[in-house]
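Single chain ahead, written as structure tokens, the form predicted on its own.
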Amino acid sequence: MTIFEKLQHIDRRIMYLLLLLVIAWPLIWGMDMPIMVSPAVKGVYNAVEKMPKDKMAIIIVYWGSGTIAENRPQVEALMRHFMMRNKRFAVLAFDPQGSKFSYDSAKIISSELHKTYGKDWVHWGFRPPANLIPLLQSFPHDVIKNIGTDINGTPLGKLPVMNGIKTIKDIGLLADTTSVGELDYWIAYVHGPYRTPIVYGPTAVMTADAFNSLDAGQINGLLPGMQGAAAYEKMLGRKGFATKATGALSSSHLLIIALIILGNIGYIITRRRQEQQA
């Protein structure tokens, strides 16, 4: 068997080993891959920068373990940005897993940046998705009354972070991170009536539809899946999980492309030789 024939029959164990190596290397040791920051990601960054410090942001968490690799880096980048700029935020979860993941992430980042729970940030806990529409209709008029307590069962009125936060007019930004696609509800019940700025962090497969809302001016910015989170991390000047994972994805794609090219080269040359011999 010639080398060109071998290129068409590479042992799958060798291919899996190569794939393991090109994925593990960026995740463990890092890899400098070019990351482009799109205008959509800049829109998210600018929306956070422009949010008045006397107002509060709300980070919506509507995702679980199935999309944790895409949505959690988005949430962590947003949290980090708010804390770096000393801007208050609350987390509101519509998924029980996402509630736990986001709370743990916030605790780690707040410890790193020396922020205090209940003063700089708060987690409003999990709300059943079935209550989304009723909550959207009621909480804009009285945030503390309709949310009630935080994730630990503490009345919101007792937390310093909620000082001055009464209605939707005191909310300076809404960040919707989701794998579900309920953005239209937030636009209809929050952005439309009250003009509250919204930024959006969907999974990659949901990104195409999101550009309609971005172009229409209904959202201020967009984080397209993991790539959007990596670009956001770049703007914040910190390489997090999304940056490393994007390097792993890129290197694995390059390996697959290289293997396809090698296989085709082997096939073409082998076929030509057979035709010449015939």
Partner chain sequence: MYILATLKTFLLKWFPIFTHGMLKPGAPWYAWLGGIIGDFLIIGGILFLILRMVPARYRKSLIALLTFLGGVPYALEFFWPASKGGDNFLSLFVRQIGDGTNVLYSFALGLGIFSLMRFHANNLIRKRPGWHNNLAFFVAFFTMMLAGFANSVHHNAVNSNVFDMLFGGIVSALGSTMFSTIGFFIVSAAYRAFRIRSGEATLMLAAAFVVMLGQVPVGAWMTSGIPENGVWANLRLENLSYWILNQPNMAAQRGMYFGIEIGALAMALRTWLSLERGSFFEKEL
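As the structure is a computational prediction, the values presented were derived from the model and not from experiment. Numbering follows the first chain given and starts at 1.
The same protein also has a form predicted in complex with its partner chain, omitted here; what follows describes it.
Asker: Look up in the predicted complex whether residue 35 has a non-hydrogen atom within 4.5 angstroms of its partner chain, and give yes or no.
Answerer: The answer is yes: residue 35 has a heavy atom within 4.5 Å of its partner chain.
Asker: Is there a heavy atom of residue 154 no more than 4.5 Å from a heavy atom of its partner chain in the predicted complex?
Answerer: Close contact is absent here: in the predicted complex, residue 154 is far from its partner chain, nothing within 4.5 Å, heavy atoms only.
Asker: I'd like to know if residue 97 sits close to its partner chain in the predicted complex, meaning any non-hydrogen atom pair within 4.5 angstroms.
Answerer: Yes - in the predicted complex, heavy atoms of residue 97 and its partner chain come within 4.5 Å of each other.
Asker: Just checking whether residue 253 would be counted as a contact of its partner chain in the predicted complex - the rule being heavy atoms within 4.5 angstroms.
Answerer: Heavy-atom contact with its partner chain at 4.5 Å: present for residue 253.
Asker: Across 177-210, which residues bring a heavy atom to within 4.5 Å of its partner chain in the predicted complex?
Answerer: Heavy-atom contacts within 4.5 Å come from no residue here.
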